[in-house]
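Taking the form predicted alone, here's one chain by itself in structure tokens.
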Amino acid sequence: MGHKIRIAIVGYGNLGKGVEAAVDKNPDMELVAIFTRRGPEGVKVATDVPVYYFDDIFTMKNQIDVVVLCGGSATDLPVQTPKLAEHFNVIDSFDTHAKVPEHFEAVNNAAMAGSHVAIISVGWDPGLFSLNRLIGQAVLPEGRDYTFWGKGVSQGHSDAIRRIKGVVDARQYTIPVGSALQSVRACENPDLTTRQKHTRECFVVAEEGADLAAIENEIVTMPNYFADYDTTVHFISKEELERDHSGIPHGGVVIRSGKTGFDNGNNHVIEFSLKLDSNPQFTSSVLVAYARAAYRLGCEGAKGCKTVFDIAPAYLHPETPEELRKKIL
């Protein structure tokens, strides 16, 4: 084996911290730098890796094999991923589903121009869940897909509640409806509305003297976030929130229910599920495995933008194809 794969992190929030920990678990990799727009003095890292300003990354091209982008999909990644794909092999976790085609195009143009490999929308959904939906459809062409998320903390929804006047802090859990899951697993192929698939449970810390009824009403009627769901709101103390709701668990399940045979007489269920103590740490672990693939593809002379659909599983694993055939095939 040659040198260790040299990884750089851009953005040091929950995801960046997770990547820092994940690289530590992979002996064929080393973390060489963390880049942040906040400036090095404002960032305390878990390891002794150096921290630099974001703009300094372009002076370090010869010291980095893959850049893992850990910013947000709303404003960071649409700008940063194409900008960096021209100069480095990159990985991101872009998850704004409707904008994936345009993000792919922008990143592909940049990666082709610079002869680098970019892999976008890596994580568990999009990512591992997408892969399982694809395999399910390919294997059972006569069938239906179902994806359930949770039980877990939705960071976007929690943030939306925090922006309401009178709210100090909040956590929102997305929870699959048990009866809906049961029906899908029983091959009943139900037609499920948004409301029938998931419920939302909110734990809210309100300001002293705030109008609780008004806050609750604003949450349950919020368009795009809560209006289409059965939503329960609990008002609790700051101490309770910190004691019982400080983690970021998540998970979910992808199910393909299908039929085979000339008479469609046999039912089949393919199910892939995740139960995660830490959403960002797990997502980071997926990013790091795909960073290995980007590096290997780059060494082979590949270029352009890819998604999880384009990456052969052997590229993700540290062992050689020979070892994989011998040990786990």
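One rule holds for the numbers: they count along the sequence shown, beginning at 1. Worth saying up front: this structure is predicted, and the values here are computed from it rather than measured.
There is another form of the same protein, the form predicted together with another copy of the chain; it is not shown, and what comes next is about it.
Pick from 234, 97, 165, 238: which has a non-hydrogen atom within 4.5 Å of another copy of the chain in the predicted bound form?
Partner contact (heavy atom, 4.5 Å) among the options: 97.
Considering 192, 140, 153, 222, which brings a non-hydrogen atom within 4.5 Å of another copy of the chain in the predicted bound form?
Only one option qualifies, and that one is 140.
Are all three of 46, 104 and 326 close to another copy of the chain in the predicted bound form, meaning a heavy atom of each within 4.5 Å?
Yes: 46, 104 and 326 each sit within 4.5 Å of another copy of the chain in the predicted bound form.
Want to guess which of 66-74, 52-60, 281-289, 33-41 is within 4.5 Å of another copy of the chain in the predicted bound form, heavy atoms only?
Residues of 281-289 come within 4.5 Å of the partner.
Taking another copy of the chain as it sits in the predicted bound form, is residue 301 in contact with it (heavy atom to heavy atom, 4.5 Å or less)?
No - in the predicted bound form, heavy atoms of residue 301 and another copy of the chain never come within 4.5 Å of each other.
Given that the partner is absent here, does residue 125 sit within 4.5 Å of another copy of the chain in the predicted bound form, heavy atoms only?
Yes.
My question is simply whether residue 121 lines the interface with another copy of the chain in the predicted bound form - judged by any non-hydrogen atom within 4.5 Å.
Contact with another copy of the chain, yes.
Would residue 15 count as touching another copy of the chain in the predicted bound form under a 4.5 Å heavy atom rule?
Result no; residue 15 lies far from another copy of the chain in the predicted bound form.
Taking heavy atoms and a 4.5 Å limit, what residues of 268-291 are near another copy of the chain in the predicted bound form?
Residues within 4.5 Å: 268, 269, 270, 271, 272, 273, 274, 275, 276, 277, 278, 281, 282, 285, 286, 289.
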